[in-house]
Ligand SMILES: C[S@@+](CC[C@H](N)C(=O)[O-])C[C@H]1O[C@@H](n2cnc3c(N)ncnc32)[C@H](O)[C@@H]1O
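The form predicted alone is given below as one chain in structure tokens.
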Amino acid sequence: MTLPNNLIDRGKVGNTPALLSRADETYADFMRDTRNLLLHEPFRQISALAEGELKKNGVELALDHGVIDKVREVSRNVPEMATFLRVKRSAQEIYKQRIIESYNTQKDDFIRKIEAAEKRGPGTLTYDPDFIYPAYATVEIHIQPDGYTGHPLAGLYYDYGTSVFFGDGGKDDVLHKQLAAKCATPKDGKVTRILDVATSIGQLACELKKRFPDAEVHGIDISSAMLRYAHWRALEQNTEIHLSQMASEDMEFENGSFDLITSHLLFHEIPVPVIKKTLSEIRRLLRPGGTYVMFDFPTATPQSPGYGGFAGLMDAADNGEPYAYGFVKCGIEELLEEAGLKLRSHDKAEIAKTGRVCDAV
């Protein structure tokens, strides 16, 4: 039986609490459509134009303050580039601010509801109120005020914020349902224990539990605020997942204790040295023949720069993504193999469909 949500009058949009006025919801819908129209649709054309202009001006892209300043200088003289950058930053700022203002009208009620859920099941929640966050985890990712670790309602803000960011894929956890449905499994078919690394608000972990109802599903995240909200969100779905506060590079589970490990959009949000430690931890936790599936940005190549091009560099600079540019250029496929995680396919088209699927060797 699904637990009732008595906190607010406007119910939910899928599994996400609705904003607290129709005007706020309409505004968020407008910003979602604006972002799609002005940013997503012309993305390739703007990127191609920008990279041509930068080449003409002798600017070679790199994650460096001097290079970023040169890109801004060139952009000022190219209206399409300047408008793209301004709209991208402003759209992100204003829709997040409207979401926060809306939820904050009942902030204390949300906090009480999340606190009241902590000792209830199904599922479990473990976190350390005195946890000391490494510096990399305290940045304002996606320019969310206080980031993912600095505010007790970070998970709530993130929930509705990503429903705007992902467009239709963010509604009713559609994206995470799709990821869980296509998630590869060990070749021997055994899936009794699953770990979702950097689970944030538990969307993928919940969908994996629904796909594998007999499996024990765990989710870890470095942010207690995200986990506390994730636990409440899972309870509202009557879904049993076990949530623990841990850094991805230092997970407190026994060697070889998981059949399947997943992560969604983790690695572009941590520095490369932490990426390497995290991959070692994932390999340690997989049992022989276990499978790891990484859902994240495509690798940048000279033929297909993607996030390693103009738009990615400036997203890193303007949109609270300081580690993403380094991720797409770090040779993640090689790092996976070096960690003992053998890719089933190196084909870019296949990876785009399935994620990076690896078996423990």
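Only a predicted model underlies this, so the values are computations on that prediction, with no experimental measurement involved. Note that residue numbering follows the sequence shown and begins at 1.
Here the subject shifts to the form predicted in complex with the ligand, a form of this protein not shown in this document.
Only one of 98-106, 112-120, 193-201, 280-288 places residue heavy atoms within 4.5 angstroms of the ligand in the model of the complex, namely 193-201. Looking at Y136, you'd find a heavy atom of it within 4.5 angstroms of the ligand in the model of the complex. When the ligand is considered in the model of the complex, R233 lies well away from it, no heavy atom lying within 4.5 Å. Although the partner is absent here, V217 lies well away from the ligand in the model of the complex, with no heavy atom inside 4.5 Å. Although the partner is absent here, H264 is a contact residue: one of its heavy atoms lies within 4.5 angstroms of the ligand in the model of the complex. Just one of F166, Y127, F212, F253 comes within 4.5 Å of the ligand in the model of the complex, counting any heavy atom, and that one is F166. Contact with the ligand in the model of the complex, judged by any heavy atom within 4.5 Å, is made by just one of T239, S248, Q144, S75: S248.
Annotation for 215-247: interface residues with the ligand in the model of the complex are I220, D221, I222, S223, M226, M246, A247 [heavy atom within 4.5 Å].
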